[in-house]
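In the block that follows, a single chain appears as structure tokens, in the form predicted on its own.
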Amino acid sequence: MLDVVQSGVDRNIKTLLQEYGEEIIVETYVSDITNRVELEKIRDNLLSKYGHIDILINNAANNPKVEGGSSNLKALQFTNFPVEIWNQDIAVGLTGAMLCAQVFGGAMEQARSGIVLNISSDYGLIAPDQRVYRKAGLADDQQMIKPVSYSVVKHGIIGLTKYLAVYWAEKGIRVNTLCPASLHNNQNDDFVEKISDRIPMHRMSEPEEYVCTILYMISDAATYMTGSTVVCDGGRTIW
């Protein structure tokens, strides 16, 4: 699994360097975020090199994607959803975010300065509409569903944000949540049509549409924002 992650990281590094050249320094670490010891090694390495940690973005999750053939997006109905997958999803999506906040946020607390941005989802605000995943001609027990663990993790991320925003309110650390939604990524036409019908803007989102929102939330332009949930969903959660 870590090899797959590393290959994705390497692709992104190549893209960044091609676009910006020597204007930026890109330093990466591949780690198990459920392992506090590994996270502490990364923290200590960063502090020894740079002396401070300014921003933490928690975005790791076992995301069951329609286009990805994920192990947790199968014909696994709620009543027979394996507890092993539940535990894995909670470990990465919630426990991992909590540990990263402890380890890297702890360094920010010592410095009395920092920003944590937790990435949730529209499914952190609403329940998955399982109809968008259904395929004609299949029996109910063969239908693919969005698993319970994903929705629970994304709701939990918002709760973690609120807790930490209060906990660190007087310690110079701001904590907020971004809820992206319906990212267009080579899904089949049937899925795209069904989910677009449930969005007032009648389309899925593109990756670049979140960049400026993220930059705002982690910048000094948002110094009075903490504990907030920013929703970028084309209006989906207002229906």
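Bear in mind that the values here come from a model prediction, so they are computed numbers and not experimental data. Residues carry their position along the shown sequence, with the first being 1.
What comes next is about the form predicted in complex with a small molecule, which is not displayed.
- Contact annotation for the candidate site: T34, S121 and S182 all lie close to the small molecule in the predicted bound form (heavy atom within 4.5 Å).
- Comparing 75-83, 162-170, 113-121, 135-143 against the small molecule in the predicted bound form, the single stretch with non-hydrogen atoms within 4.5 angstroms of it is 113-121.
- Contact between V92 and the small molecule in the predicted bound form is found at the 4.5 Å heavy atom cutoff.
- At a distance threshold of 4.5 angstroms between non-hydrogen atoms, S196 is out of contact with the small molecule in the predicted bound form.
- For the chain shown alone, Y150 is a contact residue for the small molecule in the predicted bound form, at least one non-hydrogen atom being within 4.5 angstroms.
- L47 falls outside the set of residues with a heavy atom inside 4.5 Å of the small molecule in the predicted bound form.
- Proximity to the small molecule in the predicted bound form, defined as a heavy atom within 4.5 Å, holds among I42, A61, I214, V192 only for A61.
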